[in-house]
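Only one chain is included here, represented as structure tokens and corresponding to the form predicted on its own.
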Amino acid sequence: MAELLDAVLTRRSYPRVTADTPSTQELLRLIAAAGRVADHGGLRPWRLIELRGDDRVRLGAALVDASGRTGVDAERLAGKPLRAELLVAVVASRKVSPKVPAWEQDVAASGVGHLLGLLLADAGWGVMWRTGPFTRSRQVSDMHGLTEKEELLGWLYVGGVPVELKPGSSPAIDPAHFLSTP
């Protein structure tokens, strides 16, 4: 318990990462663990999409297309997916179920994304979950090949932890402020 608690308490987002990335094999191992997240009905209403190389360039183009931006603003937006050599798209992939509503399936998908981020961080990788105003645009959905029953929840930007960069800080919370009784 102490090791898990320490891993969670020391987790930080890294807005910049180095070009080092986990291999697909290492990623698969961590996904197998993240897939153990609580999942009412065992529907596995999620999927992950690995974006490397030109996939990131195509994502940048989809973001620009969705935004309608031009010039320097478009170039800046197109470069955002290039901030890391590996992006993992977290997708809510809803299943038809009389017992498990869509919101609950989205929670399971989000849980997989969060747990994968924790596992990557614990394995020594720098990670940041990113979203943005065009995350659920038609152009970005099409670029990822999403179906009508799927929604993109964001991307995990993954890379090496830069030596010269301190992690983004998450201020400590007062847990009593967030725990209540009826």
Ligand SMILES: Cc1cc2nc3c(=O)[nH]c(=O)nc-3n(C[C@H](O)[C@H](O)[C@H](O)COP(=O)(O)O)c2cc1C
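Residues carry their position along the shown sequence, with the first being 1. In this text, all values refer to a predicted model and were calculated from it rather than measured experimentally.
Another form, the form predicted together with the ligand, is not on view; read the next lines as being about it.
Engineer: S13 near the ligand in the model of the complex, any heavy atom under 4.5 Å?
Structural biologist: Yes, S13 lies within 4.5 Å of the ligand in the model of the complex.
Engineer: Can you check whether H114 is within 4.5 Å of the ligand in the model of the complex, heavy atom basis?
Structural biologist: Yes, contact at 4.5 Å.
Engineer: Verify the contact flag for R47: yes if a non-hydrogen atom of it lies within 4.5 Å of a non-hydrogen atom of the ligand in the model of the complex, no if not.
Structural biologist: Residue-level check for R47: no, no contact with the ligand.
Engineer: I'd like to know whether W129 contacts the ligand in the model of the complex, with contact meaning heavy atoms within 4.5 angstroms.
Structural biologist: Answer yes; at least one heavy atom of W129 falls within 4.5 Å of the ligand in the model of the complex.
Engineer: Tell me, out of A62, L146, A34, L153, which residue has a non-hydrogen atom within 4.5 angstroms of the ligand in the model of the complex.
Structural biologist: Residue within 4.5 Å of the partner: L153.
Engineer: Can you say which of 25 to 33, 115 to 123, 52 to 60, 129 to 137 gets within 4.5 Å of the ligand in the model of the complex, counting heavy atoms only?
Structural biologist: In the other structure, the partner sits against 129 to 137.
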